[in-house]
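Look below for two forms of one protein chain, each set out as structure tokens: first structure 1, then structure 2.
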Structure 1
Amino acid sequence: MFDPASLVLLIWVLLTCGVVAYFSYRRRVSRLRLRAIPGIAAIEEAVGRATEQGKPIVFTTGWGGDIQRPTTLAALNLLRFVAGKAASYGCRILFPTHDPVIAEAAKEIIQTAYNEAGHPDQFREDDVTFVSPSQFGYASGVDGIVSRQKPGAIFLFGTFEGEALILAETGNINGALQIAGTDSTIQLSFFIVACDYTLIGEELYTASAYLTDDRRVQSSMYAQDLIRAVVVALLLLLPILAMFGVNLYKEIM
């Protein structure tokens, strides 16, 4: 039996599916223009800068997530792009981590990137380091690598907790160009003040759409933006209607 109370939810679901389908179709027949995200555009600049300086790159995914976390998977997708650029430029990439499983996945990604670039001899297995499962042991280990190696660029993508400011400030002191990205809202403020560029929340997840030209992800991004715009418009319109005695907030939202 159909529940009339679920009608609004059904309308929202159909609206969302329709918007996604529409943008998926449009993406197939014409190119959609993505809104610019400076942090993503600066990734290649950071790799190029480190290469020009003759310095390595440091890439780490933080202490707060394991291989199953969406932020870790998004970070490893970005590692694939960064490693590809580093391999093509002949730049060394260092990957310290707190998790041996992440270390093995990163090792495979980086080695594949060097092989595809035609420089398999430049890959060093020791550059992918399992530091420590302890939060501040991991932070101290990464800080030690940054202080000794003086990287030209640092990428902090993933789930970060109390170590976020420690890592970002050490990189800042050593003069590295830093690009960070996380969905940890508490740590975002630290990255914003200590890093050159910061990917905020879902920008970390959608970065692969920019870098790989994935049409499915791009269509989803457009749909999410449109639905967000509709929700914001309703949040502004419904209180105004309520002032005139038309109270639809409960029914619509």
Structure 2
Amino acid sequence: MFDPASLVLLIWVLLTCGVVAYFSYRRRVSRLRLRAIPGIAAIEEAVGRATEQGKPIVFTTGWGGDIQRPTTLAALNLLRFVAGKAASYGCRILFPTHDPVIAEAAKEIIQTAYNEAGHPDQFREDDVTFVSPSQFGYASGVDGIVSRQKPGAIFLFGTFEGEALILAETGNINGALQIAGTDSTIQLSFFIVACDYTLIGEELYTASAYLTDDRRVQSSMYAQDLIRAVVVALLLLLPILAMFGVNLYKEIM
């Protein structure tokens, strides 16, 4: 049955879910001022640049995550916006992936974007490619696509591992404007030096809130910040309490 050792985790999950759900459904945040994130602002510019150059864009979610991973879900949410822009500008979007399930989901998203933009005929099914489940097979496949197609913009959103720098450097060599975003802290440093813009950690999860007018999504981002403020306050408060002999760290965190 219920493991008492999981009680603290359960409370944190319920608290986070409760706050996010409350702000999302009540749309409490009427005047939300969003901090400018250059990487997100550059997404539309990148698609526009590729369209002007007559080049395609490449969007890939990395080798490290499958469809169950929140990072992949956040990346697919972003794909919806990128594909929508690409479809409305008449820009071709290439989506290579290592996972056939992600490929099917991406196919559905991109096709829907082209349909909604009124250009269903421009959707090419073979632009969504299942490359290889092998890490460096996938890296080689994406590198091949980038080297041959010379895309105007590359979006690297998702969970990346050892292939991150191989992809980012190949894109850099081929002159593409690159925007990356990942939760992999080790790969972030590679993206920061090799890409034009990088979404750091949770910025990837909040990116869709910047790109939508939906108040519920934006309010949920406010809730995320609120929870984070509580965590930071606790991280500052608990060591001070410990100095006075009140050690609650294990009980709360």
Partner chain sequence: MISRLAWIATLVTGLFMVAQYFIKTDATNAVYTTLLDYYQIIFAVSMIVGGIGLLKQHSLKVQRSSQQRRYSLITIAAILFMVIAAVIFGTGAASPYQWAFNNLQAPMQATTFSLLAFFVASAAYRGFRVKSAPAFVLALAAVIVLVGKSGFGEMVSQQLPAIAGWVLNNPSTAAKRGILIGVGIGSVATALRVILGIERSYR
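For residue numbers, the reference is structure 1: its sequence is counted from 1. Since this is a predicted model, take the numbers as computed values, not measurements. In this text, rigid core is short for the largest set of C-alphas that superpose within 1.5 Å between two forms.
The first of the two structures is the form predicted alone. In this core superposition, L238 moves its Cα by 8.4 Å between the two structures.
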